[in-house]
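Only one chain comes next, encoded as C-alpha cells, the form predicted on its own.
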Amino acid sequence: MKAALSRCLWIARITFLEAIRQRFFAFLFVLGAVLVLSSSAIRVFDFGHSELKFIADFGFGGLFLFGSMLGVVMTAQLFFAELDNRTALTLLAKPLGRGEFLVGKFLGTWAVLGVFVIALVGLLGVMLGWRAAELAALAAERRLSPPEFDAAGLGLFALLQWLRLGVVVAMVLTVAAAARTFLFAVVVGALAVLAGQLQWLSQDLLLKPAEAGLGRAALWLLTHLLPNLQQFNLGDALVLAPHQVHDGTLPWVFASGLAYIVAFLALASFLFRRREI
C-alpha cells in the first residue's frame, strides 16, 4: 500500500511540474486574474444588484469558466501526451499499475487546479475585502447597516470549487481512458461538464415527490449518473450571507463530490486496464 501511494505521488509530481509549465495554464490564469481584477471597474454596468454581489458573481463565474476549461483541456492533453510520446509504455513496464498511473495523473492535475483556485480566490478576496471596507465606511456615515462579507466563507467556497474541478478532472480522465483521440476526449469531456451544469433541471423535471417505488429509484439513478455541478454554487450564501447556508448542506456537498471522484476514477481504471496502448 505504501509503495503504491509512493508511485502515485511520483506520477503526480511529474504531472504537476509538466502542467505548471504549460502556456495554456499561464494563459488562462492571466485571463482569470484580469477578469477578477476588472470586476470592480465594470460594476457600473450592473443594474439592480448589490455591488459586492456583482463583484462576487463575476469572479465566481470566471473562476469556474476558466477552471473547467483548464481542467478539461489540460487533463486530456497530459493523458494523451504520455500515450502519443510512448512514455506510458515505459512507465507501465515498471512496477506501476494502470490504476496508479491514472490516480497520479489525477492528483497532479488536481494540484495544478488547486494553485489556480487559490490564486484567483485570493485576488477576489482582496477585491471584495477592499470594497466591503469602503462600503462599510459609507454605511456608517449614513447610519445604515454595512454589507456582509465573510472571509472564512470565501475559503470554504474555494475548497468547494477545487472539489468541483476535481470532479471535472475525474470525468475527463474517464472519457480519455476510453477515447482514442485527444479531440474526442476534449469534446465529450466539455459536453459532460455542460450536462453536469444542467443536471439540476433533469432532477427537478423527472423526480416528482408523489412518485415512489422502483420507477422513482430508476429515475433517481438515471439523474445521478452525472454529478450535479450546480450544487457547488454556494458562493453567495457562504461569502455574502453565511446564515443562509442550511445545516448539513456543506457535508453533503463535500461527500457527494468525493464520492463522484472515487467512482469516476474507479471506472477510468477499469476502462484503462482493458485498453491497448
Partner chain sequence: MNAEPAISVRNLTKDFRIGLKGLKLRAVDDLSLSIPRGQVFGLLGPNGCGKSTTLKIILGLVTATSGEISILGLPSATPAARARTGFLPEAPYFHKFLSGRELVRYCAHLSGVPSDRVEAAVDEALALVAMSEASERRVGTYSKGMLQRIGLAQAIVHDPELVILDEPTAGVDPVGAAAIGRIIEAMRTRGKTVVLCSHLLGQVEQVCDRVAIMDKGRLVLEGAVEEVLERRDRHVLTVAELTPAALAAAETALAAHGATLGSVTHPRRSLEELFRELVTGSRDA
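Residue numbers count along the first chain shown, from 1. Computed from a predicted model, the values in this text were never measured in an experiment.
FYI, the form predicted together with its partner chain isn't displayed, but the following is about it.
Asker: Between the options 163, 91, 135, 123, which residue brings a heavy atom to within 4.5 Å of its partner chain in the predicted bound form?
Answerer: So the residue touching its partner chain in the predicted bound form, by this definition, is 91.
Asker: Is there any non-hydrogen atom of residue 25 lying within 4.5 Å of its partner chain in the predicted bound form?
Answerer: Judged by the heavy-atom cut-off of 4.5 Å, residue 25 is well away from its partner chain in the predicted bound form.
Asker: At the 4.5 Å heavy atom threshold, is residue 17 in contact with its partner chain in the predicted bound form?
Answerer: Within the cut-off, so yes.
Asker: Does the 4.5 Å heavy atom contact test between residue 95 and its partner chain in the predicted bound form come out positive?
Answerer: Because a heavy atom of residue 95 falls inside 4.5 Å of its partner chain in the predicted bound form, the answer is yes.
Asker: Would residue 181 count as a contact of its partner chain in the predicted bound form, using a 4.5 angstroms cut-off between non-hydrogen atoms?
Answerer: Because no heavy atom of residue 181 falls inside 4.5 Å of its partner chain in the predicted bound form, the answer is no.
Asker: Out of the stretches listed (135-143, 113-121, 184-192, 82-90), which one is close to its partner chain in the predicted bound form, meaning heavy atoms within 4.5 Å?
Answerer: Every other range fails; the passing one is 82-90.
Asker: Who in 1-22 is close to its partner chain in the predicted bound form, meaning a heavy atom within 4.5 Å?
Answerer: Read in sequence order, the residues that approach its partner chain (within 4.5 Å, in the predicted bound form) are 7, 10, 11, 14, 17, 18, 21.
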